[in-house]
Structures are given as structure tokens and as C-alpha cells.
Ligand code: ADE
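First, one chain by itself: the form predicted alone, in C-alpha cells.
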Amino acid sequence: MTDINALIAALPKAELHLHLEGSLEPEQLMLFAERNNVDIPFKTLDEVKAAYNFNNLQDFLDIYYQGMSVLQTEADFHDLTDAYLQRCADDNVRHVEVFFDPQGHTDRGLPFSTPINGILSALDAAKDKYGITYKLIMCFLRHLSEDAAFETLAQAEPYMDRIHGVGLDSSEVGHPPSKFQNVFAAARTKGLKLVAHAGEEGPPEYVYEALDLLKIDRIDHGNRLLEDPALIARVKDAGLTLTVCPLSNLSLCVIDDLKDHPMKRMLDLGLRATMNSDDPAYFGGYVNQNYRETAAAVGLTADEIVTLAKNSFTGSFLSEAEQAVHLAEIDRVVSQT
């Protein structure tokens, strides 16, 4: 009988849904606050950890944006990204497609260059340092206006050869994808890949809008599309990838119990689901912990674990030739277990 946890540890994996700002651990928050003389409403590490407890998306976003305030310099963004990449290396993650939220930084007075230069310096070093490749995805904050998103797209112009895609995150309910139809069309003309959070807290209609109006290449979350059989069939037939985040879903009460998570149902339906950590500092687990806890809760088989690992590469924006190298390595690992 295959040891599921040993298999999870041994398999090479990609992570396709990770917010770099959401990897800010409480210890880092305290360190950066002290380093930059930033006033925060917490006196001790325990107080920070207590603030990381919440039960809905908005409460999480409140502390998430508060945490951003300690990120002030390129060095902060470099160190934040490098710490995440170290954890990826520990989890045998070989490729990452990471989000960052420039508006969360430019709106508080930082130049666009500060976060992206710090992030890229760490990502560029990751191949030699950790054997990890990357794609960088710039997200628009959906609670802001489309005009603000266009401003961000313009600010990104000097970095367009280093940015691989755009995404859409933050408060979903009340901010449908249709709000950003024009800016996504503009990003498409620049050759960027398109992804969007849809169907996490928002209804299946938001997933339709993301597909029909934004014309996305990949669906972030997508849980609620399971409420619509026609939508399930459409996403399956199109071969679209879902970047699913089980421990995030539990923390934000998208599900009440991890045993209720739809990951196994997604796989049973033939959907290309992947396992991701979302905002792991806040949601209590990086990639392998999401695999382990979800596998235990819903009874994922060894074959399903392997499928999830393969999906993480076939659902990535790597070339087919690059994907093939990773898929062959997965087959090698499986043959030895």
C-alpha cells in the first residue's frame, strides 16, 4: 500500500494559486515592521497570530491589507518572496505561478517599481538557488475601479516582458468579472495570459462572465461552478484548469468541514483541478500540507494525488516541452514507489 504522505513529499509539483503578500508570516510582519519603523496595532507575536484568525473573506482582507503596510522596500519584497520559495523547495515544488497586488502598494505611496523589482530579484535567483522556475501574474483588485486597473496596466508597461499574466482578486461578491471586461481585453492584446478568481464566494454566473467576457485561460477557485451541470460540462470540455485551495476554503468558510471539500468530486467529474495554498501564512498551510490534509479528509487515492501533481504542470503556462520534463519526472517517481 502506498504511503500517501510519502508520495506527496516525493512528487514534483507546481503551484498555480499563491498570493505573495499572503505568504507574510507573523514573524516576518513583526520583523519588517521593526526594520521599517512601521506602527502596527500589535505588541507581541501572539497578538499578530490572534489577528490571523478570521472566518470570512472580508475579515481576512482587512488583516491582509494591514499586513501589507510593513512591506516598504525592494529588500522586503525580495525577502518575502525568497522565504516563500524556500518553503516551495521544502515541498518539492518545481514551478510557481505567483500573484502580486501592485495596487495594494501603489495606493499607499510606493512606486510600482519597488514591489516588482524586489519580487523579480528573488524569482530570478530561484532557478539556481532552489531549482524553481516561475511565471509572474499581476492582479487587479476588484473592489477598485476598472479605471484604476487601467492605471496599473500602464504602470506595468516597462515590465511587460517580465509579467506573464493578469489576474483578478480581492472581494468577489458585488464585483463581478464584467466590471473588468475592457482592461482584460487590453491585457490580452499585450499577449498576457488571463486568469480570474471566480466562484469562490461569488455565484456560478461570475464564472460564466469570466469565461465569456474576460475570456480567461484558467479559473482561480471555481468551487461554485459545481452548482451548474452545464457549466461543469463546458469547463471540462474546454480543458480549463481550476486552481483550487482547500485550506483557504476552510478558513474562509467556503466549506464548513474539510471532509466536505469538493476536490474529489472535481476529479471524479474529470475536471482539471489542482492543489494550491492561496494565502498560506493566513490559511495555515503551504502546498504539501494542503495535499496531506485534503487527502486525509476526503480520501484521495494515490492515483488521484498523482493526477493532481500532473494537473499542476499541464495546467501551468509552461510550454508543452517544459511540461513534458516534469511529467516524465512524476512518472519516474511513481515507478519507484
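Quick note: we count residues from 1 along the sequence shown, nothing fancier. From a predicted model like this one, the values you see are computed outputs, not experimental measurements.
From this point on, the text means the form predicted in complex with this ligand, which you will not see here.
- This chain appears without its partner; in the predicted complex, the one residue of A126, L252, I137, L80 with a heavy atom within 4.5 Å of this ligand is L252.
- Put simply, of H221, R218, H105, H95 only one has a heavy atom within 4.5 Å of this ligand in the predicted complex, and it is H221.
- The stretch in contact with this ligand in the predicted complex, judged by heavy atoms within 4.5 Å, is 163-171, chosen from 86-94, 232-240, 163-171, 117-125.
- Among heavy atoms of E209, none comes within 4.5 Å of this ligand in the predicted complex.
- Taking the partner from elsewhere, L57 is found to have a heavy atom lying within 4.5 Å of this ligand in the predicted complex.
- In the predicted complex, at least one heavy atom of L61 sits within 4.5 Å of this ligand.
- Contact between H326 and this ligand in the predicted complex is not found at the 4.5 Å heavy atom cutoff.
- Three-residue candidate spot H19, E200 and S248; every residue lies within 4.5 angstroms of this ligand in the predicted complex by at least one non-hydrogen atom.
- Along 266-304, these residues reach a heavy atom to within 4.5 Å of this ligand in the predicted complex: D278, D279.
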